[in-house]
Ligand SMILES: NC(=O)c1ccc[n+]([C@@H]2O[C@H](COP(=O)([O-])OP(=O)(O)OC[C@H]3O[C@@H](n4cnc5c(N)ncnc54)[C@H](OP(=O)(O)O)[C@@H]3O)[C@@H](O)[C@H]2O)c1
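Taking the form predicted on its own, here's one chain by itself in structure tokens.
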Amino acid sequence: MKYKLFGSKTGLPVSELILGGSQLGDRRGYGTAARDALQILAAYADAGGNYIDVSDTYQFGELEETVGKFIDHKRDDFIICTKYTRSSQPDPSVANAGNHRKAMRQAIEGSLKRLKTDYIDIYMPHFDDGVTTLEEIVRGLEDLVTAGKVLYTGLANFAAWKAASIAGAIPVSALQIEYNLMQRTAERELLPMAEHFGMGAMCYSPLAAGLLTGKYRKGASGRLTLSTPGGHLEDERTKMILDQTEQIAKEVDSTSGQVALAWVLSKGVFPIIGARTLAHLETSLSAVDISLNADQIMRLNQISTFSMGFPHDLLATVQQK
């Protein structure tokens, strides 16, 4: 696996694929047993992966406990990103969730304990709670860096104007967003904002919860069928995208999912790959060996195009190229 600097404002070399662990564990009733989760973590590391993305809420803290066991005695070899907001408790009290400083303090202490470490490489709120002021988030994150408990800060699932406001007050090194062939709206504001501030862009759901693998066409079950039982998963736009990925997969002797992942990689961002089984991980890891040519990338860009909206559509007609 190749390594790239994380953003333009750090000297941190990270693997081109980030391992996301939301399904590593089964405390929520759906996911991977702890023994299998450790095998997936080991396979990712053996492939050269060094960046693991977790959260205190994933599997109600079980994921952080599993990662803590895995990195024991080799902590410094890995970059650990974890998040707070939702709490590790199944039913948290109103004072133990959100982005306020009390929740932040409780969350960081819990994550450090579960991960068996005295520092977090990258720490961020999991999403904008709509209540906590940006100033409070700024001060809380800044204090954690000053205390040495956090090395770099980040933001996940924030509107671009709020993320920019925080990044204008303190260094923010990471932005975590959804980005894939089905969901490209981050190109309007979020990705340009991340580039402006030198953030590394971490992109979750690069396969759109498995939709871009084409498995649902074959009657397989997964997160989408569980969340929308009996729902229609393939509209006209989705059909055209899946048809194109299947065609390009034949051209490069790969799978639709690998093509979709290779497209995300071509955008200079860091895909977060999820894996519930070792086979899923191995399939995703193979995507780094796929080289899409300019014509194939253009075809995928065109088939997945979307309206940029105002003011972008207007500016495209008046700004000089």
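Remember, predicted model here, so these are calculated numbers, not experimental data. Numbers follow the displayed sequence, beginning with 1.
Unshown form predicted together with the named molecule; subsequent notes refer to it.
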property: Selected contact from Y58, Y51, F270, Y44, since only one has a non-hydrogen atom within 4.5 angstroms of the named molecule in the predicted bound form; result: Y58
property: Partner-contacting position among L207, A107, I122, A194 - heavy atom within 4.5 Å of the named molecule in the predicted bound form; result: L207
property: Contact segment among 291-299, 22-30, 65-73, 36-44, judged by heavy atoms lying within 4.5 Å of the named molecule in the predicted bound form; result: 22-30
property: Any non-hydrogen atom of K215 within 4.5 angstroms of the named molecule in the predicted bound form; result: yes
property: Contact of T82 with the named molecule in the predicted bound form (heavy atom, 4.5 Å); result: no
property: Contact of H126 with the named molecule in the predicted bound form (heavy atom, 4.5 Å); result: yes
property: Any non-hydrogen atom of T245 within 4.5 angstroms of the named molecule in the predicted bound form; result: no
property: Residues of stretch 267-305 in contact with the named molecule in the predicted bound form (4.5 Å, non-hydrogen atom); result: I272, I273, G274, R276, H280, T283, S284
